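Below sits a lone chain in structure tokens, taken as the form predicted on its own.
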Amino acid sequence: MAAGSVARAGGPRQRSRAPGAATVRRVLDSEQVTGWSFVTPGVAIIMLFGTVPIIWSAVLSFQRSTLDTPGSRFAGLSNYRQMARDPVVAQAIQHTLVYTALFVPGTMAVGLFLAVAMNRKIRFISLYRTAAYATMAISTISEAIVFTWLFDPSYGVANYSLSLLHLPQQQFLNSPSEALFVIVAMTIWGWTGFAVVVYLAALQGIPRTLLEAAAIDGAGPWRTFRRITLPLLSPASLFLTVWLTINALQLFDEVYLSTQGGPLHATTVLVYYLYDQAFQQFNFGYASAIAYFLFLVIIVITVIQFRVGRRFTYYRS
């Protein structure tokens, strides 16, 4: 009797545990748990090397943190006030904006021209498309070395070509008035392949029926391009505008490899000045303040671009 009562008492308890175990087993066997098990290592790495430095740099932006002093002391908004009075920051902002205003439309215009030229059935078209995209595969170091040689004042190809045309020789990267424009040309060449791929994909997504209907209605090639092709390319144009602007505002590699911010700070942009303050002058607090100022500028410009761009962007249903 006692054994039977114990068995009867344990039966419902065992049955009550069974649904919980089944639920746990079902959760462990679900696709969500499997997916998160693959994603978790990547999320941990991003948190460790991405989120933690972002938070720590925000803390440093309110401190006087240098390698010369053993500790860091709270400085409030003094780093930001110093940035407002720093003439080099004002120069760097000006150079960054000038570079962005030239680089973004220049890259989009060259990329669109090449994409339209290669959006047709001609011999060796795959070779041409590969050559256009090859600029993205070339490292920034190689790109800077090549352009430094091309625009060398003494033996560069650019000055040699000017001599053949009986034009005066230029100093290019050694000239405060010309160095930034050489970097613009360098980066346009390096990013053209990316713009070509984006525009070429968008061009091939345009229905041929619309172009044929325009031709039947008597529209010429230029009018068809302006009235049909360009509006249908507006999503790609908005994407390129935002993406290239973000990259332009963070220009660093080409400046570091070719001019080191010179001559006479003529190519000092915000990110290069940030690098100089952090890793040359060891003013980590001041450099963090510059970084967060640039971060806010990028957010504001991106939001403006999206809001304005939506008015001129046509999305096909």
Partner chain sequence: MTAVSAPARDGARQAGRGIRAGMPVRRRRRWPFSPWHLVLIPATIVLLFPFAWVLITSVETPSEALHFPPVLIPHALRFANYSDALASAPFVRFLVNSAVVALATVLCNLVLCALAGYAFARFRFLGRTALFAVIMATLMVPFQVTMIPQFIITKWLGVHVLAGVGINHLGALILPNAATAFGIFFLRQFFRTLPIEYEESARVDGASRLTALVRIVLPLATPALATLAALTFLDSWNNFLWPLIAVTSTDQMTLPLGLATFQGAHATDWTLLMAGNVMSLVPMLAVFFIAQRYFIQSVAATGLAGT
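Positions refer to the first chain, counted from 1. Take the two forms, superpose them, and find the largest set of C-alpha atoms that agree within 1.5 Å; that set is the rigid core. Quantities reported herein were computed from a predicted structural model and do not represent experimental measurements.
One more form of this protein exists, namely the form predicted in complex with its partner chain; it is left out here, but the text below deals with it.
Peer 1: If contact means a heavy atom within 4.5 Å, which one of 175-183, 75-83, 100-108, 208-216 is the stretch that engages its partner chain in the predicted bound form?
Peer 2: Going by heavy atoms within 4.5 Å, the stretch is 208-216.
Peer 1: Can you check whether residue 301 is within 4.5 Å of its partner chain in the predicted bound form, heavy atom basis?
Peer 2: Taking the distances in the predicted bound form, the answer for residue 301 is no, it never comes within 4.5 Å of its partner chain.
Peer 1: Answer yes if any heavy atom of residue 264 is within 4.5 Å of a heavy atom of its partner chain in the predicted bound form; otherwise answer no.
Peer 2: Outside the cut-off, so no.
Peer 1: Taking its partner chain as it sits in the predicted bound form, is residue 166 in contact with it (heavy atom to heavy atom, 4.5 Å or less)?
Peer 2: Close contact is absent here: in the predicted bound form, residue 166 is far from its partner chain, nothing within 4.5 Å, heavy atoms only.
Peer 1: When the contact criterion is heavy atoms within 4.5 Å, does residue 224 count as touching its partner chain in the predicted bound form?
Peer 2: Although its partner chain is absent here, residue 224 would touch it in the predicted bound form, with heavy atoms inside 4.5 Å.
Peer 1: Across 45-59, which residues bring a heavy atom to within 4.5 Å of its partner chain in the predicted bound form?
Peer 2: Heavy-atom contacts within 4.5 Å come from 45, 46, 47, 48, 49, 50, 51, 52, 53, 54, 56, 57.
Peer 1: Do you see a C-alpha shift of 2 Å or more at residue 279 between the shown form and the other one, with the core held fixed?
Peer 2: No, the C-alpha moves less than 2 Å.
Peer 1: Would you tell me if residue 37 moves between the shown form and the other one by 2 Å or more at its C-alpha, with the rigid core held superposed?
Peer 2: Yes, shifts by 2 Å or more.
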